[in-house]
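A single chain, nothing else alongside it, follows as structure tokens in the form predicted alone.
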Amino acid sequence: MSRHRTFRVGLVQMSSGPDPDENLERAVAHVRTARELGADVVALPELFRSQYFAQREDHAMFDLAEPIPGPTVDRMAALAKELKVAILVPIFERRAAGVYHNTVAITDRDGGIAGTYRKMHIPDDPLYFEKFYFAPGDLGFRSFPLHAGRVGVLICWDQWYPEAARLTALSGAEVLIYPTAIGWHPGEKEDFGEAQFDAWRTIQRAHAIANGVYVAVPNRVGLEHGDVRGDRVEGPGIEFWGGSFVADPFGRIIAEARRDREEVLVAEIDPAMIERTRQHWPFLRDRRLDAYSPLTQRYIDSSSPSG
């Protein structure tokens, strides 16, 4: 009989200041803390190296982009090798002149790059002007076999799409990790804040349940005005709500950060629990593959004779 294998995922919930280099070094310190707490895989929040610059459309922000490999990935790859830990490294990727992505580079414990994921769903909302900066991802929904276990990677806005979670789970992921930068418009918090936070957490717990898989979400925290090296966006900013969490295959929250401070979470991923959960809730077994082709349509007009 094979040894019962488990591994531990660490989530870094952090705030970001106006100096990208300082943010990088603070992230390094948080990764060290996660490793000291026993993490085998550590995930940082989306675009952690700067404040969330997509609060405005500004060509000067393209100067933040970097290639893979590049300064941020190289720094984290060296740290991964030193600590013998896998690190999920979100960056603003410069793929080529005029082609940029919102990307996570996955470094394994030997310091090598195990793969990259490019954000597939790109939002365009007030204070989230990502379509100005990022081309949609073109690498599909995949998981990555790391020394610790098989990890699926998605990014922020991807977390609202059950299709993305399903396809990544079907690729063999034992945990879906969503590096995230989400928060409140301060003027909306009083009326809609709790409902928005609850919806965010609920949809991702549903992904865990529907796919019989763990879900882990590192978010940033704190009020930001997109201040990058002194270039600040006028207005109320975004209050990132923290609340990073890990849910098990039943959707139960097994680790959760507070909403108002930096924290490092560590939680155990148990593949045997995935097996047991899927045996008792066989949603993957009972899928009707013959009936799902309409999912490739934008909308189904039931009033039309052709559908």
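The model shown is predicted, which means the values in this text are computed figures rather than measured ones. The first residue of the sequence shown is number 1, and the count goes up from there.
There is also a form predicted in complex with another copy of the chain; it is not shown, and the following applies to it.
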Practice task
Please check if P123 has a heavy atom lying within 4.5 Å of any heavy atom of another copy of the chain in the predicted bound form.
Solution key: yes
Handout entry: L79 within 4.5 Å of another copy of the chain in the predicted bound form, heavy atoms
Key = no
Handout entry: Partner contact for R166 in the predicted bound form: another copy of the chain, 4.5 angstroms, heavy atom
Key = yes
Practice task
Answer for T72 alone: is it within 4.5 Å of another copy of the chain in the predicted bound form, judged on heavy atom distances?
Solution key: no
Practice task
Have a look at 259 to 267, 278 to 286, 51 to 59, 22 to 30 and name the one stretch with heavy atoms inside 4.5 Å of another copy of the chain in the predicted bound form.
Solution key: 278 to 286
Exercise for the section: May I ask you to choose, among R232, R142, H147, K84, the residue with a heavy atom within 4.5 Å of another copy of the chain in the predicted bound form? Expected result: R142
Practice task
Note that another copy of the chain is not shown here; using its position in the predicted bound form, name the residues of 197 to 211 with a heavy atom within 4.5 Å of it, in sequence order.
Solution key: D198, A199, T202, I203, R205, A206, I209, A210
